[in-house]
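You are given structure tokens for the same protein chain in two forms, set apart as structure 1 and structure 2.
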Structure 1
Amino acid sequence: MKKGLLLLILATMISIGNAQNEIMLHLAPRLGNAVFSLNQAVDHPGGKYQMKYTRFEYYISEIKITHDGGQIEPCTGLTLLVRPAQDSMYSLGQMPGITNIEAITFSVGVPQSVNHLDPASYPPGDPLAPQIPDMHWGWVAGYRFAAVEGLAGANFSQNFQLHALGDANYKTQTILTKAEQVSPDIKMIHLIADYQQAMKSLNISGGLVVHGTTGAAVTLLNNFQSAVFKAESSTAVIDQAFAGEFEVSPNPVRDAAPQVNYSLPAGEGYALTVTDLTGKILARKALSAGENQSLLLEKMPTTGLFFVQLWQRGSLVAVEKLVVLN
């Protein structure tokens, strides 16, 4: 692992100045300390009752990267439709002039200059084109900045729906953060997105349906501005006193099956697992000790972040983050 990490660092250093420098944003979806998923019971931030989300979608726009001593690089024209139940990683584009990332600035919602344009004028698949379910509201000719729905109250019997919009509620936030060099060509900004906090100060125990620009809709968007996102405190992978070598290649992998290259010291009980962000095991394989071995994994099912983990007798000895860009 150490050798693999060293190679990665060397490759990173060599790549500095390379024209190809993709910046990616990883919004690690959380419900408190748990990984986010729809229909998962979680405490309301007030702690007095539970809730579960059945829909959670929002826009991010006007993203700017602060880097290399306060320089600012805008992601011009980029709007992300974030659906944490489906995706957590987004390309912000090629930015060859960026070496050290210092902060990311963005707004939840759609800027006024875009908010009232015709969604049907965008190509199918564009985040601003019509969606299922709708993220655009016809009679106001504007986008839902966030659409959050779910259940709360006794036995989850109360329905809540918050569709928040309005030019006045478009607010900017800046988060100080560094980026992880996940490959020679790609820098990854990791943010924790704790969607439990989206309901902060919102009483949904008796149900709540607000589609609009005021009241609870404002609170929701204020929460998105101040309580949901924070920098990931550590992006380090586990690196114990493992004397072997272990790397996944290519990483990131695009539309292909990744290969694990490894050398394992003498011993028994080695195993390899591949998990998704929720910890769900997608593949498991027993490995044998030996030098310069390789194992071709199956192509990952979706774009996203996965963990390739090496175990020995039930103890985790090494982890590699695998970035899949299908």
Structure 2
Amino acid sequence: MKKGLLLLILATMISIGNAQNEIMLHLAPRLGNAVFSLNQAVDHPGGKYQMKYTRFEYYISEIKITHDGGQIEPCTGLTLLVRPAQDSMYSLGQMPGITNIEAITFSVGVPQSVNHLDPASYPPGDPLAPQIPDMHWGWVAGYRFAAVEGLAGANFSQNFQLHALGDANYKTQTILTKAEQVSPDIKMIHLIADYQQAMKSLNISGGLVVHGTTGAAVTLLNNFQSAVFKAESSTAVIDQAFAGEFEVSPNPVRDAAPQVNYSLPAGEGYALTVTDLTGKILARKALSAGENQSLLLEKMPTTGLFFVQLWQRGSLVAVEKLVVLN
């Protein structure tokens, strides 16, 4: 699936001459300040214990793009099965009439008109076709809108499983945002998806198993509506306490090696990493404090989206998206 989507992105970017204003959605997967991954220990939003996810998947549907003075363009018939450990970029389709994006509207789950249809009626590979592990609960109840599982409590000894479903829990949200022009014919909407917040107000320290339409399942979907997603307001996200400077140039970069320009306040333990969308570290460099410094990175091997991250003593200080068009 991941390879398929990446190939789709590559093919789209390379075939610029054939594209006609494709809109892409990038859900930057986070666990707080860290890049999302399964089996990664992270503080529960309440801060009293740690947890880690072993399964995390959910549906997004009824996506609409608000653009150019309030016009609305629906992504008709499009349903996304989001698995942040595998994919974070999705094509929303060709929309030649869109110039300036103003907001994105979507719902977590499957709309009632689709929720009770037969999964076997969809072709293999369709998000609504039978999945492994199963995302369909039954014809009456419909699909699992979100399936989240993991470990928490002392020594991660407690299992939690939250499978949330139900037509009444299908909730819509609108996020004001702009799009980044990553190539002449591709606009990309960047949203931060902080999946740590999915467990907000849920006590999973003693284990919790809820498969259904009430209680913790409702809280989970409320969190998806109000706490997980937010717009990424700028190319660089910098810790407000950071008094230095950090940028990647050129960005986007085409057939060249990008350069990191930085000024770092007095201190120790600075480091820079370059990761791909899955969080895999492609490069790591130690940095020293000082003014007006630069570091030439190696040319990225493939077209795509990467993250250049600045750390100090293991804490993320700044991150910038790097768009590579080879």
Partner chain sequence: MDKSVFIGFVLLFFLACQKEQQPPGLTEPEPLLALPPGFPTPNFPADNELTAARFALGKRLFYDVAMSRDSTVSCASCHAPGRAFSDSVAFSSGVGGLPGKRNAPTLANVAYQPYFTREGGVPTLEMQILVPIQEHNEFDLNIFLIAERLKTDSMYVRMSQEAYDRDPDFYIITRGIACFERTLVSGQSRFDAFFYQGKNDALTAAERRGKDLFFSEKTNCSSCHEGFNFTNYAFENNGLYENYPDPGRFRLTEDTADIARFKVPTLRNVGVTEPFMHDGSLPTLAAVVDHYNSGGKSHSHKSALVKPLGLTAQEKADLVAFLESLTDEKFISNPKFK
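For residue numbers, the reference is structure 1: its sequence is counted from 1. The term rigid core refers to the maximal set of C-alpha atoms that superpose within 1.5 Å between the two forms. These numbers were taken from a predicted model, which means no experiment stands behind them.
Working note: structure 2 is the copy from the form predicted on its own; the remaining copy is not.
The two forms, fitted on the rigid core, differ between structure 1 and structure 2 by 2 Å or more at the CA of residue 301. Comparing the forms between structure 1 and structure 2 on their rigid core, the Cα displacement of residue 247 reaches 2 Å or more. After superposition on the rigid core, the Cα of residue 268 moves by 2 Å or more between structure 1 and structure 2. Once the rigid core is matched between structure 1 and structure 2, the CA atom of residue 138 is found 2.4 Å away.
On the core-superposed pair, the CA position of residue 257 changes by 15.0 Å between structure 1 and structure 2.
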